[in-house]
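Below you will find one chain, with nothing else, as structure tokens; this is the form predicted on its own, and questions on how it binds or moves follow later.
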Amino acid sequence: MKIIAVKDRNFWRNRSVLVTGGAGFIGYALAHKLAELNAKVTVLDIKSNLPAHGRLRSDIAFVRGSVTSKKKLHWIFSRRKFKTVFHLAAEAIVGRSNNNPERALETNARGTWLLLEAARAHNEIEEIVVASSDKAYGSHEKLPYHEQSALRGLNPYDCSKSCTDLIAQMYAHSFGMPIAIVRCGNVYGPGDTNWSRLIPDAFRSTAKKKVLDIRSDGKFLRDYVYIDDAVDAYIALAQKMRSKLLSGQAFNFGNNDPLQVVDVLAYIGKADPRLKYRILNIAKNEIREQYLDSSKARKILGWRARVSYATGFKQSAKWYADFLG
């Protein structure tokens, strides 16, 4: 099968695009790529500005605000006639969600229906891509997850993403809105400064010459996907939505090659031999195995993960070394 290069400049040229959560790790990488494709990109985020790291672009419009603000959402949709919306704004940190489930549900569930209600009032929108997660599936005995697998997140973050996903499906099916859903594995790579996550924390620990604490037994199994591949996934889905009649559908995006924590650490150790870690084995209430089948995305969208783990971790090591000094 020929795998598409996700660079359809004719599709994106002068296209008005909104990226909620566009100052975050994945959101900003997506906004940056869309701007490179000559789209007219607007970012909505609760942060005070776009990230200081990486390549800043003056052609990305920034609006500060929350998707939990009905007033802000209706203001931005009335001022700018968007053709495409990428909804990535979310509480994205599992630990914070566990500590404050109200905030996770407020942002991830209520923020999604408020965003879709605002979009519903503007019929010129042609594609809405909503960020869900592999965590929306919750725990299953049979793996890998397929798109037909039940959504049954029982922990605060997982539940909030199950809600996000189901709300998006409801708006697509009940109101005929052009909505498709992205379910990615663990996205990693340059630009991720969420230090509570395994990979950024590992690189930060090496930079500070500290021993990395691993809360699990090191054998938890997860899907990982490099940031460039994740961005291509969002763009490929938006480009194909209308021609493939994909409204209401969800797509898994992962490497189809899950890694244990110790495997991730081995890749990081090859990229940065300074890494030192210790296994604490104190993790509780965490799912041991989660990974995806991405064959639907390959078949329908022509998408697959292009960046190997060896390359992805090597490029990540270089970025963190530069960023952390």
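Worth saying up front: this structure is predicted, and the values here are computed from it rather than measured. Start at 1 with the first residue shown and count on from there.
Beyond the structure shown, there is the form predicted in complex with a small molecule, which is absent from this document and is the topic of what follows.
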>> Only one of Cys159, Ala119, Ala92, Ile199 gets a heavy atom within 4.5 Å of the small molecule in the model of the complex. Which one?
In response: Ala92
> the small molecule isn't shown here, but in the model of the complex which of Thr84, Gln169, Ser97, Ser133 has a heavy atom within 4.5 Å of it?
Replying inline: Ser133
> Only one of 295 to 303, 271 to 279, 256 to 264, 38 to 46 gets a heavy atom within 4.5 Å of the small molecule in the model of the complex; which is it?
Replying inline: 38 to 46
> If you check in the model of the complex, is Ser205 within 4.5 Å of the small molecule, heavy atoms only?
Replying inline: no
>> Check Val17 for me: does it contact the small molecule in the model of the complex (non-hydrogen atoms, 4.5 angstroms)?
In response: no
>> Against the small molecule in the model of the complex, would Val67 count as a contact residue? Criterion: heavy atoms within 4.5 Å.
In response: yes
> Does at least one non-hydrogen atom of Ile26 fall within 4.5 angstroms of the small molecule in the model of the complex?
Replying inline: yes
